[in-house]
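First, one chain by itself in structure tokens, the form predicted on its own.
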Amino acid sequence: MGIHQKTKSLTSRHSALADTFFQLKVLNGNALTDKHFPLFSKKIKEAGFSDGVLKPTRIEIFQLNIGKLCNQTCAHCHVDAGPDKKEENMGRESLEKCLEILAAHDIMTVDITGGAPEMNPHFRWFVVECRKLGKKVMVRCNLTIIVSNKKFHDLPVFFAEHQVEVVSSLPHYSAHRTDAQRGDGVFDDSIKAMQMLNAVGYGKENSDLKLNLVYNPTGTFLPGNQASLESEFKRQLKRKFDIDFNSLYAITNMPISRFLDYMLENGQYETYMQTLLDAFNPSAVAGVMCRNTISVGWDGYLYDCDFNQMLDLKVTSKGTHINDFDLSALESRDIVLNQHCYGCTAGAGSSCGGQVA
């Protein structure tokens, strides 16, 4: 138990890809590869979206990345999170501003992510305050944080007490495939954590406590059918470990950050991008998460989605920071698009809530 190290962050490796602008140059064929794929904006214009512009529906989800500090360093992490990311953590003042915004607007869901968001010193206080406002709270918990340190052992009880929906990554129901992506011992610790969550009622029939799992492929291929994957995960986890959960979300690996680095190292980048392009699904465009979500970075800046946040592509509306939050301007903005958006529109589509088409 403790820190699960599969790799090192791009920052600690002094990789050129730690620079988000350099990642965008790669994605647009201007660095490390000269392969140019059709512009995503052009692709959605062909699919019937006026002028290749994507607009929001209404903001229903307020997603906060409250820090990049994490007890894991996973091979595919799009956040480039890890134990070395001690500076990138949201402070109390910014969290108080977020509470002001939530109190003033009819945005019912607060989706808290990281890193391991529980490692932010203000995490529990913020959850309690969100619940006082009557908001639904979701936490993207990596599971191992629950068993990695005794100060987090009571998280299942805390989550249950405040009716927090827990969303957790589990790349596979086998130890080998999970540890290959997330680090040695991650699978065993994840199983223990899910058993602790089950023990307080999470994922159980007739319980209001939701435990949802997130599956993403361990390589450069699209996830399979979400319903089939969910059925198999439920069968295997119940049979082997007596674990129950509610839903499984299948999410496509985005060609950014550590996964981009992985593909470039293994000569698979161009093949994977072509796979995404070939699988482009016009009907998935309407359901992508950037249309009903606003993403808040640890430093208070606003983004269309978690992936744009990791590429430092801020929103186009007049207020780009929580201190200038303007809901009407945000709901009429043009969503910022780039080549990584092919990941959310391939096959059955992909969002923080799984497949969309």
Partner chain sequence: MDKKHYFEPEDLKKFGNIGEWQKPMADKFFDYYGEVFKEGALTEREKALIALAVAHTVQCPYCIDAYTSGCLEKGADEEQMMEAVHVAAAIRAGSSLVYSTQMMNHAKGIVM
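Everything numeric in this text was worked out from a predicted model, so none of it was measured. Residue numbers count along the first chain shown, from 1.
FYI, the form predicted in complex with its partner chain isn't displayed, but the following is about it.
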property: Among the candidates P223, G287, G183, G203, the residue which, in the model of the complex, approaches its partner chain to within 4.5 Å (heavy atoms); result: P223
property: Interface residue in the model of the complex among Y215, F259, F245, F123, criterion: non-hydrogen atom within 4.5 angstroms of its partner chain; result: Y215
property: Contact check for Y301, T320 and D324 against its partner chain in the model of the complex, heavy atom at 4.5 Å; result: no
property: 4.5 Å heavy atom contact, I251 and its partner chain in the model of the complex; result: no
property: Its partner chain contact at K132 in the model of the complex, heavy atom, 4.5 Å; result: no
property: Proximity of R177 to its partner chain in the model of the complex, heavy atoms at 4.5 Å; result: yes
property: Contact of Y173 with its partner chain in the model of the complex (heavy atom, 4.5 Å); result: yes
property: Listed range touching its partner chain, judged in the model of the complex by heavy atoms within 4.5 Å, from 225-233, 143-151, 190-198, 68-76; result: 225-233
property: Stretch 10-44 - residues with a heavy atom within 4.5 Å of its partner chain in the model of the complex; result: none
